[in-house]
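Below sits a lone chain in structure tokens, taken as the form predicted alone.
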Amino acid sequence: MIEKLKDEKNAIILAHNYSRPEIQDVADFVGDSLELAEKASKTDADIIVFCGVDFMAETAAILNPGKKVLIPDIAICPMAQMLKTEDLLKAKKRYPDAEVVLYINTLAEHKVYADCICTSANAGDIVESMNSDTVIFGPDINLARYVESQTSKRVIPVPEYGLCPTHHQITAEDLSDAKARHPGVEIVAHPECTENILKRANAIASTSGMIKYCKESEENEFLIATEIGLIHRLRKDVPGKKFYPLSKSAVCPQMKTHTLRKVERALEVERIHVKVPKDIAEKAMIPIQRMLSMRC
């Protein structure tokens, strides 16, 4: 029925790598935040069904003002909620010469204050390309620290302790237990993980970067330090190799909100319709397009 509705309505389904396996299997495209933003910017579909969290669907809506963007259920990213307008404005006032790079994991109302948007795939390159020596960065503290370690810039995190709850709960104890079960296996981690995980990782990358690394590596087994939804994608895209979640507790409830029935319902009744006010969308489009044009 989903395929029939897609054909009838010229619709496309985009899904993040953390989506449920069955959602990934029916999606027209599965990817990380950068890939999904790029795909959304190029589609000729009339309707985009976005299986991800709120800021992702907002980004698709901003990039497609003439299209209908639907999200199957309300899925609010906790990290995006941690960034407050007043904190961002205070930082801009305190560091008036600093450019602002905001993680794509922010709401549209905050993207309007950014000089450029980034994703975990291009954060280091984007920050390094800024003209200012100091860069205001939000909202993930772990990504901010990692980016600072990889660039020549001073990075000011806003808020001071923004984080992804799912990655934050991947602990050193989880790592020790996983290594005991799988001795000698490489650790591949997402930069939203805490510093004590990143220090012990063999590779640090976005979700799609993790897939690329595992494909190209001569190793055949990997411990994956990110939301467990990526394991399904890895097993499909890199057959013949073995993947183990570093923590089985690394589950994002928001990413798992969407189900096949909800996707079908979204196509049937064409809701929940994601709308971004025109004035905010036009301003937020500028730093998003800057990111896309930089091809970092």
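Note that residue numbering begins at 1 and tracks the sequence as displayed. Note that the coordinates shown come from a computational prediction; the quantities given were computed from them, not determined experimentally.
The discussion below concerns the form predicted together with a small molecule, not included here.
Here the chain stands alone, but in the model of the complex its contact with the small molecule, taken as any heavy atom within 4.5 Å, falls in 206 to 214 among 206 to 214, 109 to 117, 129 to 137, 86 to 94.
Although the partner is absent here, Tyr103 is a contact residue: one of its heavy atoms lies within 4.5 angstroms of the small molecule in the model of the complex. Although the partner is absent here, Asp32 sits close enough that one of its heavy atoms falls within 4.5 Å of the small molecule in the model of the complex. In the model of the complex, the small molecule lies farther than 4.5 Å from every heavy atom of Ala57. Met255 belongs to the set of residues with a heavy atom inside 4.5 Å of the small molecule in the model of the complex.
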